[in-house]
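Just the one chain here, laid out as structure tokens, in the form predicted on its own.
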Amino acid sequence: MFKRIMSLFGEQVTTDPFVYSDSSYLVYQLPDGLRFGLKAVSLSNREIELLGLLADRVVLTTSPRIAAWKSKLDHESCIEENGHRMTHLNFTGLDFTSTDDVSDVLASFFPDESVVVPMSDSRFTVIEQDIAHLIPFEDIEEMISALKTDFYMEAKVLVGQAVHRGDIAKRYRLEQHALDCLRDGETTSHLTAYTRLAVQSDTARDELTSLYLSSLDEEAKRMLHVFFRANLNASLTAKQLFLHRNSLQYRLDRLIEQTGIDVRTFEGAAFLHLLLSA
């Protein structure tokens, strides 16, 4: 793909970030992660439209705060010590000239402590940093519905997992892959999207297994297997494991604390069952 772009635009193309950070360049990213810049004055409106079909336009920012978060997400690994939740949005049919307007709407909707990171002219990630006061899922759905109406476009939206500490770069990549598995116009939670991703990609399933099951010992995994065979019936599970029901509840609470997944819900059970059965 990049060879084709080089053949079309020649010396107008650069992959040097020190060059394309200049405001006279438009920056794009190919599906394989390669970024390149093109001099804006050399492009017609038609060419800009065609490039938008081949690559995502990267939004460069002059905000130190946004640039710092963008750097964290771009790293191979980055441990974020503070609590956070990411909400990912991918718009279809959004005019790149409306990117700033969408950013403003998102910034006005989420709490002041949140940061809106435009990753391209169609992709945004909102990072909430106060996990004690997260925006309810239903409110996000309503906001997205209003955005679709105002800007005449569709959007895939994934509301990520709230965590107290963790590798934000790794989780960002997984949630972005899960976002791509959604249907146009769909807004959903990370668990639904993760389950779909794990079914479609062996590599992603291995990553998810490492992320969620590596901290569990064999006793916890055996408890899960029995719990699933008992159709999430705690009394039957306790009986089969020769445990008091209160002891089982303690172990389930401990597992939920370790994984961040409520295995007592259908979504949580379906996701962990898929990973355990792989």
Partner chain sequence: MADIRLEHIDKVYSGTAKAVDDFNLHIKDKEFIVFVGPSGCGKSTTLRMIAGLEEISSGDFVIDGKRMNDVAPKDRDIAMVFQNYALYPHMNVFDNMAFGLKLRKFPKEEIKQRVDNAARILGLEEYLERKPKALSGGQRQRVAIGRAIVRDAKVFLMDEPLSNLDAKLRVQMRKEIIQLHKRLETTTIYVTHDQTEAMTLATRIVIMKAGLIQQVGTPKEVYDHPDNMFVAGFIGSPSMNFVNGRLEEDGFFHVLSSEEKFEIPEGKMKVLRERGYTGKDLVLGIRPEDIHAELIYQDTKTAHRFNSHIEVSELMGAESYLYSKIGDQAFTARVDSRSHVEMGSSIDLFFDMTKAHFFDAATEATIR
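Numbering follows the first chain given and starts at 1. Here the structure is a predicted model, which means the values were calculated and not measured.
One more form of this protein should be noted, the form predicted in complex with its partner chain, which is absent from this view; the next part is about it.
- Residue in contact with its partner chain in the predicted complex (any heavy atom within 4.5 Å), chosen from N82, S77, S108, T203: S108.
- Checking M143, L208, L134, V115 against its partner chain in the predicted complex, a heavy atom within 4.5 Å turns up for just one residue: M143.
- At the 4.5 Å threshold, heavy atoms of D95 reach its partner chain in the predicted complex.
- Although the partner is absent here, E186 is not a contact residue: none of its heavy atoms lies within 4.5 angstroms of its partner chain in the predicted complex.
- In the predicted complex, T149 approaches its partner chain with a heavy atom inside 4.5 Å.
- Proximity of D180 to its partner chain in the predicted complex: non-hydrogen atoms within 4.5 Å are absent; the residue sits far from the partner.
- Only one of 188 to 196, 67 to 75, 168 to 176, 153 to 161 lies within 4.5 Å of its partner chain in the predicted complex by heavy atoms, and it is 153 to 161.
- Annotation for 250 to 272: no interface residues with its partner chain in the predicted complex [heavy atom within 4.5 Å].
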